[in-house]
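In the structure tokens that follow, a single protein chain appears in two forms: structure 1, then structure 2.
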Structure 1
């Protein structure tokens, strides 16, 4: 056996040993297989990537957000300057911040498309209702994240957009005033406002987002994506069964034909009226 061959077989043995060792102690291999492989329907397969695209963009937000935190200073004196520093001086700062900004924008669009796909394919129906509910919670969290992030730049754009947003909130019946004073941290925009938005954007909302993403994925795996192969097989089997029964029933009816003579058009006696009604409308 040559040198190369020996190294190759030793490496293979070693990695097999490591993988077996990990599998034995953590079950990681089975888990990975379980999480990676999932039957999805052939038809419209690309539309099923919208959820993954959402997850990808949220991951980007977390990664770039954490990077931004190394330079961002959450105080009214320094916030704008630190964003300026990120943008103009930090190496690749414009890229990191740009990704955080554009990914936030695309995130909202992609979430909308993802929801539309679930809606139009009927993927929210039993037994997946709860995952729709969790999805709506995720949507609301992301909207509030986008809202709170915008003030952090502390420039004219972000400032006034937030003022308008808060004023819209202030028209909420009964709790409008309290909501607005909660966000402001007082009764006017000031240092407390920025601190609160920062705490919400960087700690509270991401921390709330993470477990709901976990629940969303868990429920997804529990029921499979809507329209997945086995579901189709099951449904097709049911459909065929129904067709067979209908056929059978029709065959049985043939023998007592007389009873059904005047029901032939399927609409019964009212059909004439319906036609009239439609004429009148046009």
Structure 2
């Protein structure tokens, strides 16, 4: 037991030395604490974890998508076969593809709940309106990511769902026709469509998503979570202080008016008394 105790003590000391060294050089511990911890109200606290759940699911999408890229082939001849190989032959392929598929479905649902929570708590109001706009952009990017990923399986379900989706998008005023023609790479869904959807899903959209996530988190940490009990407490304290000052100012004003009226009445009485005295004297 003595040897085990010494090993534990030495390990703890070494870990503390490394953490202190990193904190002194980079401030990583302080930054991590500031990034991870955010005060939330006691009632309904779990609702404020929806943003973290969204970030976790997006991270899962990135990681599992990278693993799937090792086997996926973006061509109409081999796309479905590569997906079949991942599902049936590759080590942990079915697990990784299942996580990628179901986390994508849960991601859309959690984003919807997160936006509802922000809306009903008033988190879109000043000074957080810019963060709300960034969140809407993130929602649109995630929807396009889900849509482009659906075709990559190159099965009947993904093919016809993409055809219907692009047909609906072609009715968008002004830009719909040109945008859909660009995405198709021609007049019908074909090899060019699969290549373009692959490029969008794997490269362009994730590259656009990452900086917006960073901006979203930065604005969140800058302005905090709206609706927290700390913010309400601070606002109520300021409101009570302003009310107290207004009542005190009104009280002083009333006291000043009463003293002024008393002074006028007293001066008139003295003046009347002096007048009587002069009359009697004369």
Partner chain sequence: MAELQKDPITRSDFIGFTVFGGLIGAALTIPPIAFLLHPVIDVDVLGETDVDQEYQEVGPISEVPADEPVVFNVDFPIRQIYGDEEIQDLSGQGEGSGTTLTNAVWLSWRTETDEDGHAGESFRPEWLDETTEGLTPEQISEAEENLNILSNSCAHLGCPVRWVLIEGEGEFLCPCHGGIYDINGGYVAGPPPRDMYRYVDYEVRENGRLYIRHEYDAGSEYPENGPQQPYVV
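By rigid core we mean the largest C-alpha set that fits within 1.5 Å across both forms. Residue numbers count along the first chain shown, from 1. This is a predicted model, so every value here is computed, not measured.
Peer 1: Mind telling me which structure is the form predicted alone?
Peer 2: Answer is structure 2, the other one does not fit.
Peer 1: Quick one: core overlaid, is residue 27 moving 2 Å or more at the Cα between the two structures?
Peer 2: Yes.
Peer 1: In Å, how far apart are the CA positions of residue 244 between the two structures with the rigid core superposed?
Peer 2: Residue shift at the C-alpha: 3.5 Å.
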